[in-house]
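Presented below, as structure tokens, is a lone chain in the form predicted on its own.
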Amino acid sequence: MNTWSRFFIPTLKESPADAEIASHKLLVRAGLVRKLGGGLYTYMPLGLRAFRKISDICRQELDSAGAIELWMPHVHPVELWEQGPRWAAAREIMFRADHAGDGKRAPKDPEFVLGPTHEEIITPLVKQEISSYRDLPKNFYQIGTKFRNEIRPRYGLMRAREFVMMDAYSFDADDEGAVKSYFNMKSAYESFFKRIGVTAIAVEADTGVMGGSFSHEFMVPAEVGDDDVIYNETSGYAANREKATSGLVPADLADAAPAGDVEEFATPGVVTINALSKEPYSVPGDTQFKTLVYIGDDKPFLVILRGNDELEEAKLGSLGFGLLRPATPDEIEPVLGAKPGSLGAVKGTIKNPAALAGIFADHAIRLIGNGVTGANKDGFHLRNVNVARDLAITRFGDFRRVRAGEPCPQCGQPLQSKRGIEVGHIFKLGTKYSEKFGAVYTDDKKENHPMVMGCYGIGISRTLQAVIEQSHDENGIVWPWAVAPFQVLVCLLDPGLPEAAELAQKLGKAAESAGADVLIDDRDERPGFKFKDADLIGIPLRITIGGKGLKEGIVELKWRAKKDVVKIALADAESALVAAVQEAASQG
């Protein structure tokens, strides 16, 4: 049991100037964190208590799922990352750990990086320690600090340079076992988020730089989320924006027959989809072919979309290139023969087709059938371009960004969209890392096989803030019971009154014995000041003791999430408080 005067809760009346969202403002105003620098935060005592509760619940659920906790270094030899499969992409967001001396270190000193995650560390460790199928499956996890070189850290703990994450790694003998481990962890995640009082939606997600065959993100719905969740309540379909698909193109859609011969027409100064849609051309965006040029592993390739569609760049990962970026105008003209704005993929119009790594088209261009595209000749376009007859397509795929209102791929009803905060991610990695590092096991026939891996992450620090973002009002935080830094606040309005102080101690001990963490506000401050602080820091249950109430023979009980104040007779105060604590604990 703590008293406010002896604890440390530096609340603020005003929000910091750099805080853009409610949860960031409340983190600082409620005295949970203090900023050291861009993306770097100190956890103050109140924030640390909530942080530890979230961490402990995470540990409990992972332990129950059969995962085994360990602790790995967070300073990594760079050669391990160079040996792994993602160094070229991952190094852009990593910090190097250079020598901080006077610059006279020997040139052969080892180089180190700060770990954003630990696949490159755990896989060599398991290779060294496990060699037989008898020792599989295994799932190792840790909760520790990670580092990411965010160019623009913002939103408090949401996008920080230093953060705390639970990262876990499963190793199985075969794909069937790996799938079982994957869904076992998915269930553990669902239990974790339920216990901490957060609504988190599991959505299909892109595997990104991590690789692997499939993954799910856990998203907390919030207006300030960093991603879109595309979903349909009827079918239960849910995916993040980078992975979402729709039923826009029917499976039985037949290719359109040509509408006529390809015709070239002049379009001087017209270099955008929008400009071509206006008079005198009046070509609707959904009948234009948009041609984008990208560089994949140093070689150009084309992506063709409908003019009114947007590219979802993450979907280009399905093409298998290690590094991707948009091509520059100087790189485009020698290959296609024109500047951006007049580009196309009609056979015979590309200046140097041999230079291309491929021409990839989104399935939705088949809805156009016959349309308009650039002529690969500055100031000219082509009409009557037929998809099947005229476009030199290497492969069709899903490359467009899905929009709300399009048909659900499972039930055909309209898709919906909401913003969400990513708080967890799980990946079925396969053998991508085990093959690179030689993490193999010997089966019962003395044959070697690469271990099949999965990896799993929960942003502990990000989850702390996501709880606040999802659970607050105009007065402050509204903590869920299980993760509240304190669960019961005994608000002592007359701390100098002996009988009031004695009752505060008695009720505090009763609540503590019932399993609650208790804080007694014993400060010599005005009632209104205390109540505002109580609402700001968001302790779930407040019981107020004052001289006036004692004369009337009552104390007041109030839940932070409710407006009503309940008056309780002194004789019933202890039993009522204990009952309230037990009820909250059973629900939270």
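Numbering starts at 1 and runs along the sequence shown. Since the structure is predicted, the reported quantities are computational estimates derived from the model, not experimental observations.
There is another form of this protein, the form predicted in complex with the RNA, and it is not shown here; the text below is about that form.
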query	finding
Contact test, all of D63, D172 and G296, partner the RNA in the predicted bound form, heavy atom 4.5 Å	no
Listed residue (P153, P137, P300, P480) with a non-hydrogen atom within 4.5 angstroms of the RNA in the predicted bound form	P153
Contact residue in the predicted bound form, from W81, F427, F360, F437 (heavy atom within 4.5 Å of the RNA)	F427
In the predicted bound form, E556 touching the RNA (heavy atom, 4.5 Å)	yes
Proximity of D390 to the RNA in the predicted bound form, heavy atoms at 4.5 Å	no
Any non-hydrogen atom of A67 within 4.5 angstroms of the RNA in the predicted bound form	no
4.5 Å heavy atom contact, V423 and the RNA in the predicted bound form	yes
Heavy atom contact within 4.5 Å of the RNA in the predicted bound form, the stretch among 510-518, 128-136, 456-464, 263-271	456-464
Sequence-ordered list of residues in 152-190 near the RNA in the predicted bound form, where near means a heavy atom within 4.5 Å	R152, P153, R154, Y155, L157, M158, R159, A160, R161, F163, M165
